[in-house]
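Single chain ahead, written as structure tokens, the form predicted on its own.
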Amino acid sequence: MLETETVAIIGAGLAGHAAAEALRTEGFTGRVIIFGEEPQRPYDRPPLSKEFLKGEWEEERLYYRSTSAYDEQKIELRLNVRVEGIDTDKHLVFIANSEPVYYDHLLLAVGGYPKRLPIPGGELPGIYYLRTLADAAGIGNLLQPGAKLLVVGAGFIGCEVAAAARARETHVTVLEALSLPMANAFGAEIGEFFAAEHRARGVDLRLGEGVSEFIGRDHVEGVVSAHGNTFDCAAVVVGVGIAPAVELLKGTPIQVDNGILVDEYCRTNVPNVYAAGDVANWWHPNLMRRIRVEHWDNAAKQGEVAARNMLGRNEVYSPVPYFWSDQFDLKLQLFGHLPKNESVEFVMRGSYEERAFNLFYHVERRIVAAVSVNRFKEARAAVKLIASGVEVDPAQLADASVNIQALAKSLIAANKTQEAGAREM
């Protein structure tokens, strides 16, 4: 790439921030512009439902860099602006109330938006969706001792909000249409454990209880469930997932399907247009399937790889996916990808009673995922087993006397020796 070229990045979240800094780290001296809808410079979103919501972090701690740091790197921040469209033939980004901006390379790091509940009363004041710093600040003001908060959805966001609210002695009721918390991401073994933990901390967790209506006159005052039960509250937080922000691409040839379709190089079907982060539905060559990951680790790494590939590196993006959730004094971590609708078995290290355990998920003696609750090292050590795809005896994974790091090193070395011997035959 030439120093006269321009890289435009739409989206001022982590993926956009990481891409911009990677371009500079890799020596690109051309123009780099980040367009963001929010007035704030790029900031860390995971703490919004954790440390920030609990009042443990001040706003300034959320920001990745100071304004001067972006200036020093000559990264232009165009904040509080709305991108209205893209012309991929003319390489133009159209900005509301501004002149179009020409780009040579474009990164779409637009993330997603919280899914809205299309039910009666949905526009009442006092109903919150958590995605932005402004959202979190508004919710944080509600979390007072004795206040009554109702959370719709027991996914990661809903569970984290409930945990933060209980830390501030707010009364919390959680309504979840499914039979267990976090059921879309994990099996019954994790859902049942966290359901018990939330109830033990005072959360009124109602499972199998969907929502049909919000009620109130000038402000939300309660929720009517799908079973006809009424729950009083002073405010509501809805956390039922996010939808990838692809509306901007209407009228363009960029292909979308549950996000923006990209290959293992973060490239869309349109030359010089890339996508990264929550919005990217990418081909994972090791998993042999498309996945879209809505978490910090993916946004950071994929943004960096997209930047390097803009510079001609041709780097394959094939990480072992990782994400985490903090609830009360529990840190839940997942390494790998848990396939849905497939036969997956697991073995455990530790125990639910100790509140510290690992679950190793395997298919035909190959680990596909490792889950940790307050037991990080062993799950992290399994990443090499997941990435290599070598066969492993599940009994060794369950045996706490077996060092998983040493086991992985031994099995991978033996597998390489076997493969080398097969090539020589």
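A residue's number is simply how far along the shown sequence it sits, counting from 1. Keep in mind that what you see is a predicted model, and the values were worked out from it rather than measured.
Separately, the form predicted in complex with a small molecule exists; it is not shown, and the next lines address it.
Though the small molecule is not shown, can you say which of 207, 81, 291, 234 has a heavy atom within 4.5 Å of it in the predicted bound form?
Only one option qualifies, and that one is 81.
Have a look at 115, 201, 295, 91 for me and say which one sits with a heavy atom within 4.5 Å of the small molecule in the predicted bound form.
If I apply the 4.5 Å criterion carefully, the residue I get is 295.
For the chain shown here without its partner, which stretch in 365-373, 386-394, 36-44, 65-73 has non-hydrogen atoms within 4.5 angstroms of the small molecule in the predicted bound form?
Flagged stretch: 36-44.
Quick one: does residue 176 come within 4.5 Å of the small molecule in the predicted bound form, counting heavy atoms only?
It does not: once the small molecule is placed as it appears in the predicted bound form, residue 176 has no heavy atom within 4.5 Å of it.
Does residue 156 make contact with the small molecule in the predicted bound form, using a 4.5 Å heavy atom cut-off?
Looking in the predicted bound form, residue contacts with the small molecule include residue 156, since a heavy atom lies within 4.5 Å.
I'd like to check something about residue 358: if you look in the predicted bound form, is any of its heavy atoms closer than or equal to 4.5 Å to a heavy atom of the small molecule?
Contact with the small molecule, no.
Answer with yes or no whether residue 19 is in contact with the small molecule in the predicted bound form, where contact means some heavy atom within 4.5 Å.
Because no heavy atom of residue 19 falls inside 4.5 Å of the small molecule in the predicted bound form, the answer is no.
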